[in-house]
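One chain comes next, on its own, written as structure tokens: the form predicted alone.
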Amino acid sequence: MSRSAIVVSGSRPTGRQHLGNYWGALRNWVSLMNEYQCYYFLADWHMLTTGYEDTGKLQENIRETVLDWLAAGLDPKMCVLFKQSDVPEHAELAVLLGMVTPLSWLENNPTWKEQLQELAKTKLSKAAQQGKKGATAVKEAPDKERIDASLRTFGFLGYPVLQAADILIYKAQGVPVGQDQLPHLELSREIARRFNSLYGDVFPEPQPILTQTPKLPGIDGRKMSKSCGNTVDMYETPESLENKVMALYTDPKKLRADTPGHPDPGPENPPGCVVYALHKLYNSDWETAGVKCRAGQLGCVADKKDLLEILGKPFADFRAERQRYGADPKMVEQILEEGARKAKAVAAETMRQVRRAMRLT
């Protein structure tokens, strides 16, 4: 694709970003904005597909997310940063695309079924934790049936249609995705093909921009996720960073410093070592650390201290950038307003073409 090609991506505003967010998306977004016309949005409507019951911190989370994006290197002069709900054309296009999207495409979406199960597990886990705090909490904790019903909403089932609208409204040629996200994009492509077959060629079929997304484990070795409470945030203080690094899950075979570790303690090979996974990302000499560990020449505590020293500078640099952006209380609002203005201009023109193609005008 050329520099004039349009790339679109978005993320739910969950507040403070963690290393999984950075290595899985943000780092790649920063690179792409130097090559393409990029539109990056805060998917606050998508946030409601599963989090509609509690929106109390939504605006705070939007601000925190944007500050982390800026500190990570996203430049509003090089890309368009905006809030999804500030461009209502997304919703209009989603309604019209929904008219031509077969229900079976949504019901057979494997991602929807997987997310339904995963979210139900997460909510049940939180309910169980609340139950431990007292008998009242136990009585009020939602049961499995109520949780399952709370997720079976029109918005949750139809999120791929809104997702397609998010992409197609800007006529994106490229969408950065990991290998596991290809089915998401393919559904958007199918919706575009169906619309074009009915009304003429309005939308290009967005192509995947495959990214090598590291599977970054959390503190406890599971996938890094806020719902699991196992994240290392991008904005850790020296004290909190030390606490988290020293708590990182390590190879259980390392009973003593001189005990040889697992033959291949990579992040994708249980029982993996989270310390080693972070060495791979931040330490140019990560292979040496692995060799010493496997040979019984490096203990886990010493290894964590080495990692902590390596992480010191990138985390300090990030904190400094975030504090600089956060010093102006109006900056985030101004950036999002300007981004919405630019995005809306493009979206409005697309909708003019869509209405004309569907004979609505």
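Residue numbers here begin at 1 and follow the sequence given. Keep in mind it's a predicted model, so treat the numbers as computed, not measured.
There is another form of this protein, the form predicted in complex with tryptophan (TRP), and it is not shown here; the text below is about that form.
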query: Sole residue of 187, 175, 96, 72 within 4.5 Å of tryptophan (TRP) in the model of the complex, by heavy atom; finding: 175
query: The single option of 231, 250, 85, 163 touching tryptophan (TRP) in the model of the complex, heavy atom within 4.5 Å; finding: 163
query: Candidate stretches 329 to 337, 291 to 299, 37 to 45, 307 to 315, one within 4.5 Å of tryptophan (TRP) in the model of the complex by heavy atom; finding: 37 to 45
query: Interface membership of residue 9, tryptophan (TRP) in the model of the complex, 4.5 Å heavy atom rule; finding: yes
query: is_contact(residue 195, tryptophan (TRP)) in the model of the complex, heavy atom dist at most 4.5 Å; finding: no
query: Contact label in the model of the complex: residue 276 to tryptophan (TRP), heavy atom within 4.5 Å; finding: no
query: In the model of the complex, residue 227 touching tryptophan (TRP) (heavy atom, 4.5 Å); finding: no
